[in-house]
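In the form predicted on its own, a lone chain appears below as structure tokens.
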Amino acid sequence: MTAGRTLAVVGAGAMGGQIAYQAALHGYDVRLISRSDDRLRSASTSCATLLRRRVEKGTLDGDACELTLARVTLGSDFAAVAGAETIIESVAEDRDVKREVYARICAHSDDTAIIGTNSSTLPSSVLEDAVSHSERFLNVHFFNPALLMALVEVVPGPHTSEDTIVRAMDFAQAIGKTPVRLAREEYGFIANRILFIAIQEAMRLVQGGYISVEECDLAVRKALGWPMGPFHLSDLVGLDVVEAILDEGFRQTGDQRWEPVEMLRDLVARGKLGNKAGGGFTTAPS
């Protein structure tokens, strides 16, 4: 494989799979690693479908599509990270799970390989003791769906070297993304920090009786240009996920603005998790 054009992605969920194929689309040889054969098959099938749909629409050449698919190697052996210049971890937002994954990565990776976590809630500084040569470790945060969303947030920790930051920025640009660099860690980084604080404010307005869920969503869509309002979006994301993100923000910052409002706590406690289960702010119970 060509030096400097190799990527290993650990975790084959919706994000990891699309990150892998986005890089392959831009000429990288990619090793997509997961302990779940089902997840690997699902990632391969879903990304192939998305890319072939572009061929049908005339936005991607058929030969380029098939070359992209061929550049991704699927497997469960962490030894496949050896030789990759860039490694992206995209597993569950669980500190213990991530620490176990980093131990496996560091057992096989080149010492000069940069390691980026795609975590949206855990800054690299809370995990850096699990990574050997932690100066090469930072957050490289993609947005879902990674094959479409342009932004990548590059977030260094106090331990991250300048060379690592530059290489992460260069990598994101090389795979067709627009990277933005934070000067230092902050919970929620940029986009999610703004988004979830805004969602909290919307919930406070409704909880306080100032406006209805429907009217608040309408106001945000019409005035701020959001494609969907904060309550519709929360139902789509999953109210349990929204609660967990807010709880982690409160845990890390101690800022009361992050503490989930009572109406959200109540819905989650009653199993009303949004679109996926039980109904939510805008969805009827299934």
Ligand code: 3HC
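These numbers were taken from a predicted model, which means no experiment stands behind them. Start at 1 with the first residue shown and count on from there. Here, rigid core means the biggest group of C-alpha atoms that superpose within 1.5 Å across both forms.
Beyond the structure shown, there is the form predicted together with the ligand, which is absent from this document and is the topic of what follows.
Trainee: Choose from 102-110, 80-88, 137-145, 200-208 the stretch whose residues reach within 4.5 Å of the ligand in the predicted complex, heavy atoms counted.
Mentor: Among the candidates, contact is made by 137-145.
Trainee: Quick check on Asn192: any heavy atom within 4.5 Å of the ligand in the predicted complex?
Mentor: Asn192: yes, in contact with the ligand in the predicted complex.
Trainee: If we define contact as a non-hydrogen atom of the residue within 4.5 angstroms of the partner, is Leu218 a contact of the ligand in the predicted complex?
Mentor: The answer is no: Leu218 has no heavy atom within 4.5 Å of the ligand.
Trainee: Quick one: does Gly62 come within 4.5 Å of the ligand in the predicted complex, counting heavy atoms only?
Mentor: Judged by the heavy-atom cut-off of 4.5 Å, Gly62 is well away from the ligand in the predicted complex.
Trainee: Looking in the predicted complex, any heavy atom of Gln18 within 4.5 Å of the ligand?
Mentor: Yes, contact at 4.5 Å.
Trainee: Among Leu182, Val97, Val166, Met149, which has any heavy atom within 4.5 Å of the ligand in the predicted complex?
Mentor: Checked against the cut-off, the match is Met149.
Trainee: Just one of His26, Arg257, Arg251, Arg54 has a heavy atom within 4.5 angstroms of the ligand in the predicted complex, so which one?
Mentor: Partner contact (heavy atom, 4.5 Å) among the options: Arg54.
Trainee: Spell it out for me: taking the ligand in the predicted complex, does every residue among Leu50, Pro227 and Val237 have a heavy atom no farther than 4.5 Å from it?
Mentor: Every residue of the spot touches the ligand in the predicted complex.
Trainee: In sequence order, which positions of 119-134 have a non-hydrogen atom within 4.5 Å of the ligand in the predicted complex?
Mentor: If the 4.5 Å heavy-atom criterion is applied to the ligand in the predicted complex, 119-134 yields only Ser120.
Trainee: When the rigid core is used for the superposition, does Ile199 move between this form and the one not shown (threshold: C-alpha shift of 2 Å or more)?
Mentor: Ile199 C-alpha, core-superposed: shift of 2 Å or more.
Trainee: With both forms fitted on the core, give yes or no for whether the Cα of Leu40 moves by 2 angstroms or more between this form and the one not shown.
Mentor: Comparing the forms between this form and the one not shown, which are aligned on their rigid core, Leu40 does not shift its C-alpha by 2 Å or more.
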